[in-house]
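Here we start with a single chain on its own, the form predicted alone, put down as C-alpha cells.
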Amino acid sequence: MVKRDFETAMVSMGSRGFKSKSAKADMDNGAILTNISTISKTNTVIIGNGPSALALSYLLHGNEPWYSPSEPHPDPVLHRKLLKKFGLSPLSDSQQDVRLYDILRTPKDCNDITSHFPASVSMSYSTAALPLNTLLDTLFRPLVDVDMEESMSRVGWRKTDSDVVPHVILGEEPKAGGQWAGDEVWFGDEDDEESDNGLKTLSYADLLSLPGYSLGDHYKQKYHTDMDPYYRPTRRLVAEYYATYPRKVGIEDVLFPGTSVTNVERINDKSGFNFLVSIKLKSNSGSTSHEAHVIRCRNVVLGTGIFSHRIPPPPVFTPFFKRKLDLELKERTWDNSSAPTNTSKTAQLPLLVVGSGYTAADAILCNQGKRPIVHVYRWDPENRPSPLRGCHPQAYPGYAGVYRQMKDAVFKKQSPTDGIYQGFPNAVVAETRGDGMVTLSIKSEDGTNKETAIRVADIEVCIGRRGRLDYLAPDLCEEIGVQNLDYSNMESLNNTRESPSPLALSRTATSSRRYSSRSRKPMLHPTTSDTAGKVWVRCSSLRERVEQNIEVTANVFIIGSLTGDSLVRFAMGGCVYSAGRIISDNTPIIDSSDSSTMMSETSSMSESEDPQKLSEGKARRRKSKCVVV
C-alpha cells in the first residue's frame, strides 16, 4: 500500500496564522517545508491542492478582483447590471472600479446579475456551467469562445493586507496541482520524456491559467518565446505549471502537499472555531503515525474533486492483478543481476485496455507502436456514447483516431491498424488468470455468446473516476447532502441506477485495489475517515446544493469540480464567492491562554478543548447503506 504523508518541516507560518520566518521554497513541490504540527488554529482549511484550491489561496492572500467600468464588458446588459448592483450609474462620467466581493455577497446577487444569460442576444453563455462560474469566466475571458486572441480580461487585481486570511492547503498529492500531480497523469515509463507524446490537454492553455501567473507566463519563461493563443499544452507542462505556481505568486507558505485528511467534524465552540480537521502525521522514523494532528478552524473548503480515484477493477480481474503483485514483490527481493527477465517475450504480447473514454484512449495512444492493443469497450452511441465521439479530427487527432478504430471494429471494417489494434465492442471479460490468459465473451450476430481466449502482457482497466468525501464525519455529510455509505455493497444499488452493461462493475471489498500507471505499484484506496463507509461522488452529487449556494452549509464551501463543473476555466466563480464570504467574516485569531506571546498561540489545547475528549461519547456511527452518490 502506498501511503501519502506530508513532508517533515523546518520553518513556521506566514499567512497561515501565527508567526513568520523566511524559508527556502521546495523546488520539487512548490511548498515551503514547514512543521504543520505547530499549527493548532487557523481561519480556513482548504482540503485539496488542485487548481481551484491554489486560486482560492491567491485570493485569501489579499489579492482582490475588481471590475473596471472604463473597459466595459462586451455584454452591455451585464455591464449595466454590475454597476447597478454596486449603486453606480452607467451614464456617470466618474466611474469607480467595482470590487467583485461587494456585488457577490449572496446567491441572489449572482442570480440577479446572470438572469439574462440564457436569452442573451449580444453574447452566448454556457448553459451547462453554474451561472456563478459562467459569470466569472466571462469577466476573465470575454468572447474567448469566439476569438481567443481578442479576449481581454475585464478583471483587475489589487493587493491589500486587510483581506489576508490565515489558511492552509492540505492535499494528498505530493505536489501542488491535485490530480495533475498524481501518479495517473501519464501512462508509460516514468523516466520516458516521450511517453506523453501526443497526449495534450483538451483545453487551450489560456483556459488552464490561474490569476497572477498564467500558463503563458510559464511557457515564455521556459521557452523564451510567446505562446500561441490556440496552443494546447502537454499534460506534463501543465502539471509543471501548477507545481510552480505557488512560488510564483507567493502562496507557498500555506501549502502542505502529501497530507492526508482523516476526519472533518463540526463542534460547538464559543470562539467560532467550530471544525476539527484531523490529519495523519509522519514520525521522525518516516513511518506514518496512527495519532492524528488536529487543526481547529472557522471555515472548511472542499476542493478534492470528482476525479481523485479511478473506479477499481471488477473482481473478475483479481486473479491477474494478484499474480502480478506477487511477482513484483518477489522481484524486489532478488538481486538485480540475478532477477529473471522476459521483456522480449512480454513485449510481443498485447495490452488489454478496458474502457471507452479518454483514459482508455490515453492507454492506447501511449502503447501503439510498442505492442499490440486488445480493446474491450462499451458501444452504445444512442444511449451512452463515448466522449471521444465529440473530438474533432483536426483539434484532437489522437482521440479521433481511437474513436475511428472503435467504430471500424463495430462494423468490421478493414483498418490500417489491423494486427496492431483489435477492438471487441460490447464484449465481456469473463475470466482472467495469473498467467495472462483472458477469456472474452462475445455476442455473435445470431445472438449466441462466443468465447475467445487471449493471452496478454498487461491490463489497463479504465472505466471511470470518482471523488471521495469519506474524510467528512457522518453528521457533516448529512449537512451538505451526501450520505456516508458502505463501499462493499454498492453492486445492487448501482445496478438499479444504471442499465446493465458489459462493463458493469461488481463493487466489492476485494476490488478496491487500483494500480498506478506510472510506477505500476499497487495502491489501495486510502483508509481515511474513522467510519466504515465510503462516500463516492460524481459531477451530479452536489449539483443541486451548489446551485442554491456555494456555501452548502454554514462555513462549508464547495469549489472546483465538486460543483459539477470540471473545467479549470470555470473554477474562479466558486473561488471568488467563497473568498468574499470568508473575508467578510474574518476576525483575528487570538489564543485566550496568552495573547501576549506568539508561541502560546501554537501551544497545546487545554484539556477541555482536547479534540479526542470533545469527540468522546460521539460514537454515533450509523450502519451504512450503499449507493454511488
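Numbers follow the displayed sequence, beginning with 1. In this text, all values refer to a predicted model and were calculated from it rather than measured experimentally.
The following text describes the form predicted together with a small molecule, which does not appear among the structures shown.
Within 4.5 Å of the small molecule in the predicted complex, heavy atoms considered, which of D253, E460, E172, D137? Partner contact (heavy atom, 4.5 Å) among the options: E172.
Exactly one of G355, G423, P313, G178 has a non-hydrogen atom within 4.5 Å of the small molecule in the predicted complex; which residue is it? It is G178.
Is the small molecule in the predicted complex close enough to R236, A363 and G398 that every residue in that trio has a heavy atom within 4.5 angstroms of it? No.
Please determine whether L567 contacts the small molecule in the predicted complex, using a 4.5 Å cut-off between heavy atoms. Residue-level check for L567: yes, a contact with the small molecule.
Is there a non-hydrogen atom of I582 within 4.5 angstroms of a non-hydrogen atom of the small molecule in the predicted complex? Result no; I582 lies far from the small molecule in the predicted complex.
Indicate whether G303 is a 4.5 Å heavy atom neighbour of the small molecule in the predicted complex. Contact check for G303: yes, within 4.5 Å of the small molecule in the predicted complex.
S57, heavy atom within 4.5 angstroms of the small molecule in the predicted complex: Because no heavy atom of S57 falls inside 4.5 Å of the small molecule in the predicted complex, the answer is no.
Looking at 203 to 211, 117 to 125, 534 to 542, 323 to 331, which lies within 4.5 angstroms of the small molecule in the predicted complex, counting heavy atoms? Result for this chain: 203 to 211.
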